[in-house]
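Take a look at this one chain, the form predicted on its own, written out in structure tokens.
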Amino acid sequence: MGSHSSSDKVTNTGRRHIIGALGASILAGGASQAVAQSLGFPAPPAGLGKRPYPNLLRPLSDKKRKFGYAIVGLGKYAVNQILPAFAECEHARLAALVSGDIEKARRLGNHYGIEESHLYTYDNFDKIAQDPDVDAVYIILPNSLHADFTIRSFRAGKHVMCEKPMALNAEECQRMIDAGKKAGKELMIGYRCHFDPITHKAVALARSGVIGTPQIITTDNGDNTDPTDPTYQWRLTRSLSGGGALMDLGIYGINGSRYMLNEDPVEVQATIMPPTDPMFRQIDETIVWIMRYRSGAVAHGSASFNVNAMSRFNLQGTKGSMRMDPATSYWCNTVSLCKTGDTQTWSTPMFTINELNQFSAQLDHLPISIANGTRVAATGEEGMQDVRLIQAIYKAAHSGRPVSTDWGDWRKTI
């Protein structure tokens, strides 16, 4: 991990940071008028080795032709975060748009200079194989569609970036991995936090020995569900989401525990709380879990669709502790190192760009890896490991018994 002096600002404990929808609207600019509309999805129900990390400095400036992405799915995250992030990319560019709403695609295409010939629907998506401007497809769709569109993209001869969670189950993940290998194309999972400089700082601190031996990590991720927002509607439908708070928010804690502790759990336990509203009848509204590690460390996690929006990690060691609050936000993530009588906090200002932009750094990482012939940081195997752990947590919750996750070193399969 390289050092990033512009993010290493030591501040007083208790400094306040602003997060929320304001940032999305400012970054989106004119595109904010085209925020996600319903695409015809069903209505919500009634009522053990080192983690690979990319270098945030992005070389390869001698490449004349920028790497073209087709964005598949024009929901809120794509419109408010991903599309604006191309402005700060050094190697990636927006080349095509794919949507079930062609008028929406045209409006965004006009805003970003994408011609009609590079606009696709879900029905004619396979024609993208004949589009030489598209090098990769970035899939930002409901979880149930990840596997299908990933495989179709590989058949079209394109590299793939796919949002997390990677798929509904490990079997779908394996199909995606196999399709990429058959096509000779890269598969990268959209773990944006892997490209956040504050996350890099936190991982460096955790592995430096400054807090001693890590003993306990606690991760909490939650949000308030708005059933009238199309962004939430498909998440309330199990056939589209594959699960609830664990799939959508808990994955941050699962993946975060793994890269903070630098190992994989060997056993999980979990409890799903009874739903407080009929709209959660198909999915888990609130879930808590415990993951046990071979080193003796323990991770406690929670995820909820019915709490005030928050994202918080806390790592306790034998010599000190470290907290991130917020831990996985789009902006203003912080990490604090707490020793007896001394606390230091590192943060990034809101709306910082270039190497501090986790979204543009993620988009640039794929073409850099391809050009340099190196593995991407967030591989399909990495994504599948999280999905397998999610499945194990659900199994433990439904059975009421601990479930072994001692599957050996998955990295040996890469």
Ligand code: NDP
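Values in this document were obtained by computation on a predicted structure and should not be read as measured data. Residues carry their position along the shown sequence, with the first being 1.
One more form of this protein should be noted, the form predicted together with the ligand, which is absent from this view; the next part is about it.
S.K.: Taking 100, 164 and 330 as the candidate spot, are all three within 4.5 angstroms of the ligand in the model of the complex by heavy atoms?
M.R.: The answer is yes: all three residues contact the partner (heavy atom, 4.5 Å cut-off).
S.K.: I'd like to check something about residue 84: if you look in the model of the complex, is any of its heavy atoms closer than or equal to 4.5 Å to a heavy atom of the ligand?
M.R.: No, residue 84 is distant from the partner.
S.K.: With heavy atoms only and a cut-off of 4.5 Å, decide whether residue 264 touches the ligand in the model of the complex.
M.R.: No.
S.K.: So in the model of the complex, does residue 147 come within 4.5 Å of the ligand, heavy atom to heavy atom?
M.R.: Contact with the ligand, no.
S.K.: Does residue 143 reach the ligand in the model of the complex, with heavy atoms at most 4.5 Å apart?
M.R.: Result yes; residue 143 sits at the interface with the ligand in the model of the complex.
S.K.: At 4.5 Å between heavy atoms, only one of the stretches 274-282, 186-194, 298-306, 127-135 reaches the ligand in the model of the complex; which one is it?
M.R.: Looking at the partner contacts, the answer comes out as 186-194.
S.K.: Just one of 152, 158, 118, 76 has a heavy atom within 4.5 angstroms of the ligand in the model of the complex, so which one?
M.R.: Looking at the other structure, the residue within range turns out to be 76.
S.K.: If you check 248, 88, 220, 172 against the ligand in the model of the complex, which one has a heavy atom within 4.5 Å?
M.R.: When the ligand is considered in the model of the complex, the option within 4.5 Å is 248.
S.K.: What residues of 279-301, in sequence order, lie within 4.5 Å of the ligand in the model of the complex by heavy atom?
M.R.: Nothing in this stretch is in contact.
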